[in-house]
Ligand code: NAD
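Listed next as structure tokens is one chain, alone, in the form predicted alone.
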Amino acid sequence: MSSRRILLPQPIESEAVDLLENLGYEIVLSKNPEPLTVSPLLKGVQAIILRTGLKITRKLINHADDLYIISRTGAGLDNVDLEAATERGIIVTSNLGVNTSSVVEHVLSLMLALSKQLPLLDKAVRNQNFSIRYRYLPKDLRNKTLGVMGFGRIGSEVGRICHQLFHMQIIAYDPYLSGDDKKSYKGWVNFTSMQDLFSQADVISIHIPLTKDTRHAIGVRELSLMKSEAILINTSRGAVVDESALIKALRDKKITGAGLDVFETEPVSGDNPLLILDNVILTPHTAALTRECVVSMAVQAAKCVIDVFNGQEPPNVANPKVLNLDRWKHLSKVNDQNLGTSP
């Protein structure tokens, strides 16, 4: 591995760039993350550090002639063709766990803002409607039921905090969680069906990846099961919810509100009906984009590249069967909990 060229389809934080450049690696920065701009830059690079602005498709991968690793700065992998990367013997990594606390804080912010009706009350005060306080619009979370769809790192942490802080009853739906994992939550989590989760929860928080099986997993049927006073929080991927069905439910006041950090189409178009609804809080896919978190994600993504260049197996390999190929049998194991090896 004599070449050390790393492609950045989008800029990453200076802390990560400095780490790579101090080791003598060449950074190739694309002018923009458009496929036509990126594709010719793939020749002769050994690594890609990938944010969310570009999807690495099979067509793009076919332009690469010496690619070792695609390292995601985030946890989601819906913008990487894993099958095509695996066929080419390319390692794909993600940053599972790095953004957990930031996303959890964002979920709690949306949950509290909607429960306490903060946007409405703020607007009322600005419009000299101080008497709105006597309508008793805010609601307490204490002793309510939280339904968590997807009980991985983020979902389970949201559940834990809400249970401990607000004494909420926690129900969860996660068909991929092992029986032993579910037993470890015995005493404070009740695992249930998706139907029961949507019909029983006062607050629903979604934490599932976007796959062909989860696209529009939450649609008309699921939304119709929700309590009229329930709220829905989505910080995972927009397309796991049928947006048109959610808009109708919000418009018809079938549910109290929604907090959305993700959308079916991003950026959100100017004619999206969500923009004029007063019972939804919208944020621009920023749950993990705190200053602290983006630096950590960029640095850890860089460290995954460094691991491979140093002949070590990086953490969080999304396509582990690629490691069985002869080209990667020389890699030594590293401690996954280190989330990368310091140079």
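Each residue number is its position in the shown sequence, starting from 1. Because the structure is a prediction, the values reported are computed rather than measured.
There is another form of this protein, the form predicted in complex with nicotinamide-adenine-dinucleotide, and it is not shown here; the text below is about that form.
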query: Heavy atom within 4.5 Å of nicotinamide-adenine-dinucleotide in the predicted complex - residue from Ala113, Leu223, Leu177, Leu250; finding: Leu177
query: Single option in Ile48, Ala288, Ile56, Ala298 placed near nicotinamide-adenine-dinucleotide in the predicted complex, where near means a heavy atom within 4.5 Å; finding: Ala288
query: Candidate stretches 163-171, 257-265, 80-88, 121-129, one within 4.5 Å of nicotinamide-adenine-dinucleotide in the predicted complex by heavy atom; finding: 257-265
query: Exercise: Ala230 in contact with nicotinamide-adenine-dinucleotide in the predicted complex, heavy atom 4.5 Å; finding: no
query: Residue contact check: Gly147 to nicotinamide-adenine-dinucleotide in the predicted complex, 4.5 Å heavy atom; finding: no
query: 4.5 angstroms heavy atom contact with nicotinamide-adenine-dinucleotide in the predicted complex for Pro209; finding: yes
query: Exercise: Ser236 in contact with nicotinamide-adenine-dinucleotide in the predicted complex, heavy atom 4.5 Å; finding: yes
query: Residues in 130-158 with any heavy atom within 4.5 Å of nicotinamide-adenine-dinucleotide in the predicted complex; finding: Met149, Gly150, Phe151, Gly152, Arg153, Ile154, Gly155
